[in-house]
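Presented as structure tokens, the chain that follows is alone, the form predicted alone.
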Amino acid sequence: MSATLLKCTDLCVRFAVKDGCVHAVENLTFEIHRGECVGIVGESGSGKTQSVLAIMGLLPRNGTSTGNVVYKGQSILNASRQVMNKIRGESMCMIFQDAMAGLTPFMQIGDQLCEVLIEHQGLNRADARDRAIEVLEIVQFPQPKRRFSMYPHELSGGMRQRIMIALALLCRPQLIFADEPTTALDITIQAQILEFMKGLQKHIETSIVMITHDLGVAANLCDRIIVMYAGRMVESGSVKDIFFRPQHPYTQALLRATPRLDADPDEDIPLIPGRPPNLQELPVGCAFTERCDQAQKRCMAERPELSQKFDDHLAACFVEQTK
């Protein structure tokens, strides 16, 4: 197995709100190895993005994080802004879901790219421009020299997302967090960007953490998958095992709700009934109980812990599934 690049242990994320405390992430533990791609999947509000924002030191002011995150041997959770700015600029980066939110609207895209290289690589303006154009060509950004002085609003959604990926690649990072990077793009552009990210992982051994609600995207790109529900990891395993031997009822429900090319077009896609629990008032037992078709009395009174089901496959469920 490749060397561990990042290790997250018992990560908890809380948000102070007017009427109490939101338990966004509970005791999340996982590792990322060099050169692998790990998918974090789950519904909106499951804690996927907040976990990564805590690791990156990007939580809003009302957010707090506890636990331990070690990156390349250095403990980074709640590290100083100076320490995190250096790490984020040079070896760890994030591609945001909304490219317009991640780009400065009143700066030309060329200036935004050059600024990173001047600040973190110490390049002069001319060398920074050359390097920026080189990276834009790598991400297949059309006519980079002509569009270098454009503003974000002058570009299409696909072009803006390529700029975000280019920003992430400028300093040749070892770890990229990608938060739904293709959600707002048409299917053709989405396929191109995913193919590019697969090549990136393969050829320069960049580790990727892909945050997504799309199991198809995870199947296409990832080596391992972490399934989250109501702030907790409920299952973790290889892509093959998650898709063909899922051990948690929530994972099984997600798979049933995923459109398939071989499905009968006249049959409705089975949706997951109900809604996720209130993160301010989590139940005593399993958070999925009220939506689960396999729930037992024990599930309402006791919260299942993650346990090994087979090989390196973990799941938090009392019900024994067929393997």
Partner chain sequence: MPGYIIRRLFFAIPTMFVIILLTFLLMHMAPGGPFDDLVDIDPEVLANLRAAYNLDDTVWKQFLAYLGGLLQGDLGPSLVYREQTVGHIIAVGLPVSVTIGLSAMTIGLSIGLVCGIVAALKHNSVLDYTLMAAAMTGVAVPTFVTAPLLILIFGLYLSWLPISGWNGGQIQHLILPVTALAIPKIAAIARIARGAMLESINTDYVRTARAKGLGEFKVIVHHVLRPVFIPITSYLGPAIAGVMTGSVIIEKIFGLPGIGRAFVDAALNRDYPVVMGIVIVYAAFIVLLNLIVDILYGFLDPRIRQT
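Positions refer to the first chain, counted from 1. Bear in mind the structure is a predicted one, so any value in this text is a computation, not a measurement.
Note that the form predicted together with its partner chain isn't included here; everything after this is about it.
Trainee: State the residue from Glu119, Glu195, Asp127, Glu134 whose non-hydrogen atoms include one within 4.5 Å of its partner chain in the predicted complex.
Mentor: The residue in contact is Glu119.
Trainee: Quick one: from Met56, Ala295, Leu279, Leu254, grab the residue that has a heavy atom within 4.5 Å of its partner chain in the predicted complex.
Mentor: Contact residue from the list: Met56.
Trainee: To test your reading of this chain, name the stretch in 231-239, 214-222, 103-111, 187-195 whose heavy atoms come within 4.5 Å of its partner chain in the predicted complex.
Mentor: Contact criterion met by 103-111 only.
Trainee: Using heavy atoms and a 4.5 Å limit, would one call Glu115 a contact residue for its partner chain in the predicted complex?
Mentor: Because a heavy atom of Glu115 falls inside 4.5 Å of its partner chain in the predicted complex, the answer is yes.
Trainee: State yes or no: in the predicted complex, is some non-hydrogen atom of Asn78 no more than 4.5 angstroms from a non-hydrogen atom of its partner chain?
Mentor: It does not: once its partner chain is placed as it appears in the predicted complex, Asn78 has no heavy atom within 4.5 Å of it.
Trainee: Quick one: is Glu154 in contact with its partner chain in the predicted complex, heavy atoms, 4.5 Å cut-off?
Mentor: Yes.
Trainee: Is there a non-hydrogen atom of Phe148 within 4.5 angstroms of a non-hydrogen atom of its partner chain in the predicted complex?
Mentor: Although its partner chain is absent here, Phe148 would stay clear of it in the predicted complex, with no heavy atoms inside 4.5 Å.
Trainee: For the heavy atom contacts within 4.5 Å of its partner chain in the predicted complex, list the residues of 60-90 involved, in sequence order.
Mentor: Those in contact are Arg61, Arg81, Asn85, Arg88, Gly89.
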